[in-house]
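The chain below stands alone and is given in structure tokens; this is the form predicted on its own.
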Amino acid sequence: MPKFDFRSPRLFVDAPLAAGAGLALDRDQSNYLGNVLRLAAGDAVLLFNGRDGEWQATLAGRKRPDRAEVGAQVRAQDQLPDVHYVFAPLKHARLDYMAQKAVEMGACALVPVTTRFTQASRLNVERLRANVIEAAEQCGILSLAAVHEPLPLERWLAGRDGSRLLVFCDEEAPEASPVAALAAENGANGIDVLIGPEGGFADEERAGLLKQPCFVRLSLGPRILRADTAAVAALALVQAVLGDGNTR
């Protein structure tokens, strides 16, 4: 069997998975499988819960699929790299996009922080979690990224583990090779990738970041990127140099 099965629908279920178990599907899952994908009893799906790996399952139900009978495990549980994506919330669709891409890039936690120039005054944490699940379902990811409650940037900085490497993306940083800057660092104790708001960091916020015990002030090049674009660029760099994309 191939390492990844991209043809079978994948479902996240918040229940233990084991051979022979029968699981009830919620109404939204049943509707999606029966009315959107046009699946019926006897069709195959893949199930994961973020803890027990990935399992083959067979749908069951009369009018539309409302249960899944678990068969064999097809992939063992893995572990995401210790990369936290820390971000100033954006509005609606751009926040959805940013959350999905952070999950695709392998972040193990999404940590919203509010700054002086944060655009979005409210954050729907449940919607953020739903985006995490959807991205994991679509991209073959087995481990779900944790979603933290929002905190002011100052409180997050005061409470974070100073032994973790803070990758601080700053449009005012001197232009230099981001690959070389990251290659000189060690992320063995974990990495926090911080992207600020579109308005940038206030002077006192930047000063607080520069006081952290272990940080890299990273330039993403000569062009100013939107926050959601910067998220993908920064996470790709970190994963390629210090994370699980580094195959050296």
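The model shown is predicted, which means the values in this text are computed figures rather than measured ones. Residue numbers here begin at 1 and follow the sequence given.
Omitted from view is the form predicted in complex with another copy of the chain, to which the following refers.
So in the predicted bound form, is another copy of the chain close enough to L80 to count as touching (4.5 Å, heavy atoms)? Contact check for L80: yes, within 4.5 Å of another copy of the chain in the predicted bound form.
With the partner left out of view, is I141 within 4.5 angstroms of another copy of the chain in the predicted bound form by any non-hydrogen atom? So I141 counts as contacting another copy of the chain.
Taking any heavy atom pair closer than or equal to 4.5 Å as contact, tell me whether P150 reaches another copy of the chain in the predicted bound form. Taking the distances in the predicted bound form, the answer for P150 is no, it never comes within 4.5 Å of another copy of the chain.
Would you check, heavy atoms only and a 4.5 Å threshold, whether E154 touches another copy of the chain in the predicted bound form? Close contact is absent here: in the predicted bound form, E154 is far from another copy of the chain, nothing within 4.5 Å, heavy atoms only.
A19, I224, A15, A24: which sits within 4.5 Å of another copy of the chain in the predicted bound form by any heavy atom? Result of the distance check: I224.
Among 35 to 43, 215 to 223, 53 to 61, 184 to 192, which stretch has residues whose heavy atoms lie within 4.5 Å of another copy of the chain in the predicted bound form? Going through the listed ranges, the match is 215 to 223.
Within 4.5 Å of another copy of the chain in the predicted bound form, all of R116, F168 and D170 (non-hydrogen atom): Not a single listed residue reaches another copy of the chain in the predicted bound form, so no.
Suppose contact means any heavy atom within 4.5 Å; which members of 174 to 198 contact another copy of the chain in the predicted bound form? Contacts from 174 to 198: E175, A176, S177, P178, V179, E198.
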